[in-house]
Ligand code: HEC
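Presented below, as structure tokens, is a lone chain in the form predicted on its own.
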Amino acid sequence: MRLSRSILPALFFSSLFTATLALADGDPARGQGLYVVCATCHGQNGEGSQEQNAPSLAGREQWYLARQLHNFKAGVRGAHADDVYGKMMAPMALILPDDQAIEDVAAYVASLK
């Protein structure tokens, strides 16, 4: 079956929407407990720290946070020799034991304003 060019963008964006919905299953209460380690650099309220070059996380969307944690954990981010700060973050992402923990932390952080 050949798809027309006008249908492809619709399919692409609907798949993104579906993926975003799938990420909505994080438990912010559990994520708050896991975030304790993250707060060392990113702050209690996700405000970040210039001294540690840790960006603010508060207000970021859950899907984005989860994606970045997955990328650090998988070595997609923080593996390049010149990525000094990414090399600091990558082992921290490995502390999260599984995908559910990532979703939980992302849900908690996304709730910070």
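Treat the numbers as computed from the prediction; the structure is a model and nothing was measured. Residue numbers run from 1 along the displayed sequence.
We do not show the form predicted together with heme C (HEC), though everything after this point is about it.
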Should residue 29 be counted as a contact of heme C (HEC) in the model of the complex, where contact means heavy atoms within 4.5 Å?
no
So in the model of the complex, does residue 40 come within 4.5 Å of heme C (HEC), heavy atom to heavy atom?
yes
Interface membership of residue 55, heme C (HEC) in the model of the complex, 4.5 Å heavy atom rule
yes
Residue 77: heavy atom within 4.5 Å of heme C (HEC) in the model of the complex?
yes
Just to make sure I understand: among 79 to 98, which residues lie within 4.5 Å of heme C (HEC) in the model of the complex, judging by heavy atoms?
83, 85, 86, 88, 89, 92, 95, 96
